[in-house]
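Encoded as structure tokens, the following chain is the form predicted on its own, with no partner shown.
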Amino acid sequence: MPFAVVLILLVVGSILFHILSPWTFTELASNWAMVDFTVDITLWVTGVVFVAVNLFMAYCVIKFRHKKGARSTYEPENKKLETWLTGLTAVGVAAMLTPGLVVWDQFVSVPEEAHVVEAVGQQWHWTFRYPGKDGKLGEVDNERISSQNPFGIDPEDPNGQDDIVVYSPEAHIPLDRPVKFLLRSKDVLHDFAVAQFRVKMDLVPGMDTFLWLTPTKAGRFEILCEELCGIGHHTMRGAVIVDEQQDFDNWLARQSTFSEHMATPEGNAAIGAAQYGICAACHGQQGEGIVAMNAPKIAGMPDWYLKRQIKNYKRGLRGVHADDKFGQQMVGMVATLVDDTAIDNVTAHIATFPDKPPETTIDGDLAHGKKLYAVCAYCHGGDGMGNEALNAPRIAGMSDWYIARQLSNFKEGVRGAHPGDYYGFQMGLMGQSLHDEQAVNNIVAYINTL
């Protein structure tokens, strides 16, 4: 009898939880309402079966419970019951599968007028490519991928010269226009999913997959990777920005083509020397860093990372938090670098500095720090020298007090909280594994040994 009561309470509790739960679908923002309809049918069919089976079990437990002197009846077959069960099961399965087949037929039938965007996944970020004026994407090959050619576009293919390359986790698409996302992976399995669009698809190394949708609401929608792709899987975020057509056209016109990207000249270290003068007041004449000025060592730091951080300050992605007073100072200083050419020149000059290790200022438990660093090593390398492909800068041989401060800033949301700072956001999530200040000191002390 108690078991029957538990079954009945389970059914009643499940129904109440479904009705009263605050958790529900995100708001639909695409043409795929049929997906919601299909899910609702599945919930109704499985829900009815769940209720019926459990209440029938409770009924059987109560009706056929042990009674003194009662005897069971042996009935090996019941054709009427078997017919009903077979028929109802067939109807239920058909009800769940049929809408899915209809949706799949629509899913693989991409409208001819669909706008094309290529989404490229790698551990642990997204990048995007759009066809240029010729409407064709150039040939790509992972073997051609380099820091200068991150998409692996064939430089000899004329169709690729005007391809628009967006080395950022944000893609823009036009409102109320069909969009086909071509999906490609550089390394392992990934999955492109936007909850509000109701469509998702795996990215499989060595093959191209796709999905399509028509966005029905303007706004910013988060991209998730819903395929376990490594230790940073949960941090692999991006965004699809749905714009009015004119706003989309304006944004697209501001992006660089592949030929423009490849033709970008390298920075001029001689010119950068003059522009570096204002930086030297805090970071030192040779980028050695000055603790008293709260300026870290920048000599030996990779240029791609320096460029990104300077641009983040200029774009308001860093140095805007009320508690980041030193970051706020940098916002004013980087304003003297008026364009990308100036940034390239300064970082080229910084690259000429001798790489002398700074004085260590932090002590800690090295054994514990080594265990904690095992997670960091996936991106920053076992030797702490960084990995551009993973957007992880060098940390070995850099200012330890600054690393400790930034880890604390990431943990507390002082840095990486801006929605456009995707790589800072990743560090904020990873930094949560350092539970207190001592853990931060231990890991930084170990980094000092690299």
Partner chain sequence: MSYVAIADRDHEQEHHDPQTFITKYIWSQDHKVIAVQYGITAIFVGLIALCLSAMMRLQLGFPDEFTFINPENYYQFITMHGMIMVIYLLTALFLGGFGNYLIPLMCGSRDMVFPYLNMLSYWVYLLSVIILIISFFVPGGSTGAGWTLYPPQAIMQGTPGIDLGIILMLVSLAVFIVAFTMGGLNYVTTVLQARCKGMTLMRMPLSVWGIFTATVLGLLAFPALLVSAIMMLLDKTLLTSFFMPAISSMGADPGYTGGSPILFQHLFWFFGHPEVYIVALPAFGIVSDLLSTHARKNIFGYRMMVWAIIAIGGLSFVVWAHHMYVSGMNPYFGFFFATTTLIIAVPTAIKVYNWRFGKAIFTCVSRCCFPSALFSRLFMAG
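Residue numbers count along the first chain shown, from 1. A quick note: this is a predicted structure, and the numbers were derived from the prediction, not measured. In this text, rigid core is short for the largest set of C-alphas that superpose within 1.5 Å between two forms.
The same protein has a further form, the form predicted together with the partner chain, not shown here; the description that follows concerns it.
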Region of this chain that lies against the partner chain in the predicted complex, out of 348-356, 68-76, 162-170, 240-248 [heavy atom, 4.5 Å]: 68-76
Proximity of F50 to the partner chain in the predicted complex, heavy atoms at 4.5 Å: yes
Partner contact for V179 in the predicted complex: the partner chain, 4.5 angstroms, heavy atom: no
The partner chain contact in the predicted complex: H435, any heavy atom under 4.5 Å: yes
Contact of S408 with the partner chain in the predicted complex (heavy atom, 4.5 Å): no
Triplet T24, A273 and Q275 all within 4.5 Å of the partner chain in the predicted complex via a heavy atom: no
Selected contact from T209, S259, Q329, T341, since only one has a non-hydrogen atom within 4.5 angstroms of the partner chain in the predicted complex: T209
Contact residue in the predicted complex, from A195, A114, M96, V320 (heavy atom within 4.5 Å of the partner chain): M96
Residues of 224-249 having any heavy atom within 4.5 Å of the partner chain in the predicted complex, listed in sequence order: E227, L228, C229, G230, I231, H233, H234
Core superposition between this form and the one not shown, C-alpha change of K80 at least 2 Å: yes
Core-aligned C-alpha movement of A95 between this form and the one not shown reaching 2 Å: yes
Core-aligned C-alpha movement of I8 between this form and the one not shown, 2 Å or more: yes
